[in-house]
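In the form predicted alone, a lone chain appears below as structure tokens.
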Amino acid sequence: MCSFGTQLKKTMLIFENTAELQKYLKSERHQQRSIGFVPTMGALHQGHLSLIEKAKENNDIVVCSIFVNPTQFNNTQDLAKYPRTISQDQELLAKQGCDVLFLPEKKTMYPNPTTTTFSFGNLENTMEGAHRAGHFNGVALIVSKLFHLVQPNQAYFGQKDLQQYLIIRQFSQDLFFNTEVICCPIVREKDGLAMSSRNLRLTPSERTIAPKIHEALQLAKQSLLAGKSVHNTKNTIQNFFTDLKVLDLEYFEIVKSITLEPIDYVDDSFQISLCIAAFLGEVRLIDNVFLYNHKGVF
């Protein structure tokens, strides 16, 4: 079913059909209007809305998509439990001034089984890629489909998914997408927890523990800036989680922000990222910080 012309609060058009989405956006491009795009999997929070706001600042039309992409999940239970809050999401987007919501079904994005694969070398062989087989192939597949459909001038992604951003930027350049891929800062709760759709799955007691992930990153940052070695800092963080017990550390890496290459020593001639993933009960949370606060990266 297509809902072309459907309006929410008289401001946001909702499309389920690709042909009618493209028809509308083509007419906007013919009027020389620039298009900013924010692809999401829904369960929206202030982090997503900050991307919408940035897209509004720089473009005439803002498009957001909501699609829980099955090909980027290597765990079927994780896919089944991923939060879905579509009515609330629509209200949030309308209030934020989003112009277009693309809301496809699975059969729309995957009408036939796909065998297309991507390779990103070291960018996908570390951190998330090392622990989530096939994840970035699924990300690249769905984002390339969305870029093809929307043809945005700019697309916005959050720094929390730093590795994902770097991979999307890479394939966008390789495949000549005429889209500027922009990385926006992490939005955090008052206690430091990075905003994430997965936070909705935390129990109240787990929610009080979750900020320890950001605390660990700050501890590591202070250690490195104080002149401690990379090896010593990694041991400090390992001990932090061993003592904490309730959080299961999956990885903690200190890498070059652009290439994600691991480093053996700190050098202020390039930006460094501290990246972490940990399980809190059944919920997997990720976070990262830049070592140097005032040094441009992207």
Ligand code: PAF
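Since the model is a prediction, treat every value here as computed from it, not as a measurement. Residue positions are given as counts along the sequence shown, with the first one as 1.
FYI, the form predicted in complex with pantoate isn't displayed, but the following is about it.
Option from 223-231, 88-96, 139-147, 114-122 whose residues, in the predicted complex, bring a heavy atom within 4.5 Å of pantoate
Looking at the other structure, the answer is 139-147.
Going by a heavy atom distance of 4.5 Å, is residue 39 a contact of pantoate in the predicted complex?
Yes, residue 39 sits close enough to pantoate in the predicted complex that at least one of its heavy atoms falls within 4.5 Å.
For residue 157, is any heavy atom within 4.5 Å of pantoate in the predicted complex, or not?
Because a heavy atom of residue 157 falls inside 4.5 Å of pantoate in the predicted complex, the answer is yes.
Could you confirm whether residue 128 comes within 4.5 Å of pantoate in the predicted complex, counting heavy atoms only?
Looking in the predicted complex, residue contacts with pantoate do not include residue 128, since no heavy atom lies within 4.5 Å.
Using the partner position in the predicted complex, report whether residue 199 sits within 4.5 Å of pantoate, counting heavy atoms only.
It does not: once pantoate is placed as it appears in the predicted complex, residue 199 has no heavy atom within 4.5 Å of it.
Find the only residue in 273, 69, 59, 50 having a heavy atom within 4.5 Å of pantoate in the predicted complex.
Going through each option in turn, the one that passes is 69.
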